Structure formats: C-alpha cells, structure tokens
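This document opens with one chain alone, in structure tokens, the form predicted alone.
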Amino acid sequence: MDINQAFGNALREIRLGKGLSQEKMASAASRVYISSLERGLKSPTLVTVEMIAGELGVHPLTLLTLTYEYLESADLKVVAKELKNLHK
C-alpha cells in the first residue's frame, strides 16, 4: 500500500464514520476529486488536506495519523507474510 492509498482509506473511513457522502464534501472538493483521493489516484496538497479535514470536522493531524496507521498496518502484514515464507 502506498501513501495515496492509505490516505484514501483514512479519508473514506472518517467520511463514512461521519455519515457523509462524497457529494456532501463538495465545499472542500468535488465529488470526482474526493473519489480519486479515496481510490488512491490523486495526492492532496496540504491546503486540500486542511479543507477536507475541516469539512469532516476533524483536525488535519487526525486524518494524517490514520493515514500512517494504515501504512504501518500494511507494512506489518507484509513483514508477517515474509516471515511466514522464511519458515517454510
């Protein structure tokens, strides 16, 4: 998983947790852009992260922290798989 995918997962998780549709995020960014972010196809600027976080009602660090939690989780799964393969 790369950072764009991790950010997209974090964004989707928070958005859905708040009960917001992509369309409801329109004051921060277009639905198409939000969709692209959630699919890991685009990389947001810091200004965009701040706007999206504001629309979600969270601090930007909350969004970024969850992003890195997704990255670390994915990294741990890769490490566990590699260790499992070593013991075969």
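None of the values given here were measured: they were computed from a predicted structure. Heads up: residue numbers just count along the shown sequence, starting at 1.
Just so it is clear, the following notes concern the form predicted in complex with the DNA, a form of the same protein that is not shown.
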| query | finding |
| --- | --- |
| In the predicted complex, residue 63 touching the DNA (heavy atom, 4.5 Å) | no |
| The DNA contact at residue 29 in the predicted complex, heavy atom, 4.5 Å | yes |
| Residue 39 within 4.5 Å of the DNA in the predicted complex, heavy atoms | yes |
| Touches the DNA in the predicted complex: residue 67 (any heavy atom, 4.5 Å) | no |
| Sequence-ordered residues of 36-67 touching the DNA in the predicted complex, heavy atom within 4.5 Å | 39, 41, 42, 43, 44, 45, 48 |
